[in-house]
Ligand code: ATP
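Let's start with one chain on its own, the form predicted alone, as C-alpha cells.
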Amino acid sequence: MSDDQQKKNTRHKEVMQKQKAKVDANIAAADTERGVAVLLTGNGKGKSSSAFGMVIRALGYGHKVGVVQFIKGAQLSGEELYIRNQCPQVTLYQMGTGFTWDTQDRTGDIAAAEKTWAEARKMLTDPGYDLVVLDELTYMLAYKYLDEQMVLDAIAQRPMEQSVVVTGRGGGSALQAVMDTVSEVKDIKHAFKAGIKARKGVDY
C-alpha cells in the first residue's frame, strides 16, 4: 500500500470515528419511547409507496396494522391486491369514491369522507393497533371535507405506543406541527409529463 493510500485510509477512519461518535450521542439522547406520527407530503411520486413500505416493516415484527385510504379505492391497485390476498391480518378500509375531480360531487364526497374518517377514528383510539396509515388524508383537510381540529386532536390523542403515517400533498402548517417527522417528496421529473402511461406495478 502506498503512502498516499495509507493517508487516505487513516483520514477516512478518523472521519468515520467522529461520525460514529456523533451518531452514538444522538442515539443515547433519544430516550423517549412512544409511537411516532409521520407526514409524507410533497408533489413528488412515492408518498403512499413509502407508507406501504412501513406497513411491510411493521408486519415483519408481527405488529397489528390498519390502513385507511381516502380518495383511492375506485381503481384497483397493487397494494390493495397484495394486502387483501397476502396480508389478511391488515385492516384495510377504502373510501372508494375515486379522485374528487372525477366525482365532482362535494356533498357526496363530504359524506364519504366522514364515513371513512369514522373508521379511521376507531383505529386511532384502539391501542391494539401498532401502526395506522391514513393514505391521502391531506386532501380531506385541503378541501375542508373534514374538520381540521378534529383530525389533529385524534392524531395527537391516539394511544401512546401507536404510530400513524399520513400521506398526501399539502396538509397545512397545523398538521405539520402535530407530526413528529415530516418528509417532503420533491417532483423533479415524472414519466407521465412525457406522455408515458401509468405503469401497473409501479404507479398503481
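All residue numbers are counted from 1 along the displayed sequence. Owing to the predicted nature of the structure, the values given are computational and were not obtained by experimental measurement.
The same protein has a further form, the form predicted in complex with the ligand, not shown here; the description that follows concerns it.
Asker: Is the ligand in the predicted complex near all of Gly46, Glu136 and Phe192, within 4.5 Å of a heavy atom of each?
Answerer: Checked in the predicted complex: all three residues contact the ligand.
Asker: Between Asp24, Glu14, Asp180, Asp187, only one gets a heavy atom within 4.5 angstroms of the ligand in the predicted complex; which residue is that?
Answerer: If I apply the 4.5 Å criterion carefully, the residue I get is Asp187.
Asker: Out of 48-56, 31-39, 148-156, 170-178, where are the residues with a heavy atom within 4.5 Å of the ligand in the predicted complex?
Answerer: Going through the listed ranges, the match is 48-56.
Asker: Check Val202 for me: does it contact the ligand in the predicted complex (non-hydrogen atoms, 4.5 angstroms)?
Answerer: Close contact exists here: in the predicted complex, Val202 approaches the ligand to within 4.5 Å, heavy atoms only.
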